[in-house]
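This document starts with two versions of one protein chain, written out as structure tokens and named structure 1 and structure 2.
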Structure 1
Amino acid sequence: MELLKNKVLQEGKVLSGKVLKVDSFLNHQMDPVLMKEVGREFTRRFDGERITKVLTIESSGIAPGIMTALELNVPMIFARKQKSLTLREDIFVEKVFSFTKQETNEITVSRKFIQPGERVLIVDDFLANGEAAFGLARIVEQAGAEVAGIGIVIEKAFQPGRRVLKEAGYRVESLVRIGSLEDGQVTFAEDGE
């Protein structure tokens, strides 16, 4: 996706060989035109999958998730990381480790929002080791629903996330794949890499 690649090159900041900061357009300040195109592209890539819901994690997955849900004309759910006074019972709970924050979070989704037999598209901002996507997939499967696919805005292809998700049988579609962040430079991976 050229628009996204250009944003990464122009506004992304390489903080280390493993961390890319994209807070000017994706996960702090958001570019609504870009998010609209992200939603359109995920809809195009998952066309024919009979998706009934989009699932993401707060907070960075919400913008691409809601724009994808809007394009698909289905509801979006976000898994909460923070404890809620109104969401304590009848919930799915999974632990996920955040590579960027180096912490484990318990994510929760109300059981009433995912029903058996639904086809759920998981959308997230980054893919590194696959922890967030696996946590969301476990919630979908606990509900008796099916993971229709996993849509990632930016994948760090030099980390094992894609491989482990594909080995587990999930379809993964990444809009941009980063091959390297070495020497402070973003290098993109080709789809076959």
Structure 2
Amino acid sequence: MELLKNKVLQEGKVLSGKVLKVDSFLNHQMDPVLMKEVGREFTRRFDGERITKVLTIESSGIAPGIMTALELNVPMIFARKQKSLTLREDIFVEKVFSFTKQETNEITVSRKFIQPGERVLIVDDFLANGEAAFGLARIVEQAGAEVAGIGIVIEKAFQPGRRVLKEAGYRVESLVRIGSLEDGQVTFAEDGE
């Protein structure tokens, strides 16, 4: 997606060789015009998938998630993150380990919002190791629903997330794929695998 590539080149800041800071349009200040285009592009790519719901995770997944859900005309759910919680029967819970932050979070979704047989599109802002997306997929499957696909705004193709998700059988669509952040430079990966 050309608009997004330009935004990454113009406003992205490389922190270390591994982290891209995009707080001017995605992770802090958010660009609604860009998010609208993100929603349209995911809708185009997942056309025909009979999606009934969009699932994302707080907080940075919410903007691309809601714009995609608006375009698809379906509801959006965001999984909540919490450090610990008492067991409750009305929620789906999965553990997600963040390599970036070196911590485990429990992510939760109320059982009442995903029904068996639904076709759920997972959307997230970043794909690194794939832990968050995989946790969301496990929640969809706990609910007896199907993962229609995984839509990622920015994929770091030098990390194993895509491979992990594809090996588990999921379709992954990323709007930009970053091949390298070495030497403070953003280099895009070729489309495809």
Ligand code: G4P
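On a predicted model such as this, the values are computed, not experimentally measured, just so you know. Quick note, the numbers are simply positions in structure 1, starting from 1. By rigid core we mean the largest C-alpha set that fits within 1.5 Å across both forms.
Student: Pick the form predicted on its own out of these two and give me its number.
Tutor: Here the form predicted on its own corresponds to structure 1.
Student: Once you line up the core, how about K112: does its CA shift reach 2 Å between the two structures?
Tutor: After core superposition, the C-alpha of K112 moves less than 2 Å between the two structures.
Student: Is there a C-alpha shift of 2 Å or more at Q102 between the two structures once the rigid core is superposed?
Tutor: Yes; that C-alpha moves by at least 2 Å between the two structures.
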